[in-house]
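Shown here is one chain on its own, the form predicted alone, set out as structure tokens.
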Amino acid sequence: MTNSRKKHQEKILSQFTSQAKRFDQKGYSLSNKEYLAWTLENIPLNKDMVVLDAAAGTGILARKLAGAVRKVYALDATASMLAAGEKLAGEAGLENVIFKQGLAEALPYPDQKFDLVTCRLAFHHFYDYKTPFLEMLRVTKKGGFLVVMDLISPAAEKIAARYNELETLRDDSHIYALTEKEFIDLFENHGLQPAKVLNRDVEMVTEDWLNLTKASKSARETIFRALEGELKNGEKTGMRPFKKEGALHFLHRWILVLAQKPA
């Protein structure tokens, strides 16, 4: 592991150790029932499936999948995230979710083990997103399914740069949110033809979004200033801010890409 990659991994562990206790907090988009239902509606599921949720965090998606499949492996790099997820799974009586610590960049599983591999809202944190993608593809069975969900950047390069600058200011483990085209290219360049490419807007409460990462005072001020400035026809941030009930909100754009590995 290179020094810069190692430093980034340390940022991830620090950031998500801090977030673990708040990750499933009611009202946050991460655990929003509507968004989870939308995800499950667009994934092929059956009771015989063995599934991997890579970079699973507390296993928000893994725990939802558990009721529809035989077994789910929830893998994450952060021990405190896994501990929080195991506790919640135990409280829910879920016996078919296996939590394991490990890196998406080096999955500790043999080739073609899983009927379905998912990764939700993690690609923008990967130092080199192609490596975990190839690992996920490796452990997917022939004829199995690969599903990636994440934030996406605006297509316009200048706006995308500003968007990712603000995301990184709020969370220093954010590297880069791919565009829709870059996600499609990632699949197609590795022999996968997407069966579904879906987008949706996700409403974010700016204050809650900043609280999850315990963003610094200066980061908060800069982000609020940028969003308020856009509302006054200033520089576009890619976040499409708006006011609702007196509070500042904005929109994330999420993508879901589904493909079947050739048999």
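All figures in this text were calculated on a predicted structure; none of them were measured in a lab. Residues carry their position along the shown sequence, with the first being 1.
Quick note: we don't show the form predicted in complex with a small molecule, though the next part is all about it.
Partner contacts here mean any heavy atom within 4.5 Å of the small molecule in the predicted bound form, and among 114-122, 91-99, 161-169, 185-193 they occur only in 114-122. Contact annotation for the candidate site: A74, L137 and L146 all lie away from the small molecule in the predicted bound form (no heavy atom within 4.5 Å). By the criterion of a heavy atom within 4.5 Å, I12 is counted among the residues contacting the small molecule in the predicted bound form. Not displayed here, the small molecule is kept clear of S153 by more than 4.5 Å at the level of heavy atoms in the predicted bound form.
Among residues of the shown chain, F16 is one whose heavy atoms approach the small molecule to within 4.5 Å in the predicted bound form. Contact check for Y129: every heavy atom lies farther than 4.5 Å from the small molecule in the predicted bound form.
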